[in-house]
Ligand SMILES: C[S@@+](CC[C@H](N)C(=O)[O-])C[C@H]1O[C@@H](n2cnc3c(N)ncnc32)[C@H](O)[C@@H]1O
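What follows is one chain in structure tokens, specifically the form predicted on its own.
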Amino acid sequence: MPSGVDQVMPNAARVYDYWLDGAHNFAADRALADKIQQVLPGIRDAIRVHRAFLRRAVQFLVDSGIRQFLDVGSGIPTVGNVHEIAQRANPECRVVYVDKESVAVAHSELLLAGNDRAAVIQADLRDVEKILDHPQTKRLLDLDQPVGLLMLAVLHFVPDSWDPAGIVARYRDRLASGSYVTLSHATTDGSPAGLAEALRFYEQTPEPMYLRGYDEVLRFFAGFELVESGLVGCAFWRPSGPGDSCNSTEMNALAYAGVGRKP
């Protein structure tokens, strides 16, 4: 176990890992996850649907010629994360993970040991220059060439006071033409029963959530051209099979997802 990890305070990244049947979580994380699942029974399905979107989106980026990825707010790179999908599709792919939480970074360092085409750096997503000019970023990514920027299930932890659309724009302005941004963001638009109570549980963690509606999420794609299927519920972005959705319409659309290309 990484040193200095707080096992008492639940952590959003480890809760997510638990819902994915990962091994990088503690009793406090599992207890909170189970409480949330009691009031929002379909949450595991929603997380699985979101994970399936990640897989399809990364595969789409590789198929579109992207060979370098910057995953900001990456959490714990548990089973089926960006480097596994991308490097399975093309071993030349390079991935830089970024997370502010020492918990996620420590776990990531262990999981990525021996992979010289993937690295993790600890930084706040607001520190755009620090991230893009970091030695590990410079080692693995060429910002003069197209990059696949991923901001998956992270911006709903960013309050409006931080200007999340402005943060995305700062990344966009440093990326080369032909780069892509892939975003997902939980929403209140469907208002499934139990969602409000589930959000109150997140207030027990250092990462309260700020859910947004369609138009607010769409703003994050300013300066990018949305690719087909546009901004839709995770399950409805280029579905490829029955495993990409679940039986609940609300859980299929609990988070919006989209991919945009910088002209």
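Predicted model only: the values in this text are computed from it and were never measured. Start at 1 with the first residue shown and count on from there.
The form predicted together with this ligand is left out here; the points below concern that form.
Mapping the unseen interface onto this chain, residue 50 counts among the residues with a heavy atom inside 4.5 Å of this ligand in the predicted complex. Although the partner is absent from this view, residue 180 stays clear of this ligand in the predicted complex, with no non-hydrogen atom inside 4.5 angstroms. Remark: residue 216 does not count among the residues lining this ligand in the predicted complex, judged by a heavy atom distance of 4.5 Å or less. The closest heavy atom approach of residue 207 to this ligand in the predicted complex falls within 4.5 Å. Contact with this ligand, judged by heavy atoms within 4.5 Å in the predicted complex, is confined among 137 to 145, 186 to 194, 85 to 93, 99 to 107 to 99 to 107. Put simply, of 119, 168, 149, 154 only one has a heavy atom within 4.5 Å of this ligand in the predicted complex, and it is 154.
When this ligand is considered in the predicted complex, only one residue from 36, 54, 231, 70 comes within 4.5 Å through any heavy atom, namely 54.
Highlighted residues 75, 123 and 162: every one comes within 4.5 Å of this ligand in the predicted complex, counting any heavy atom.
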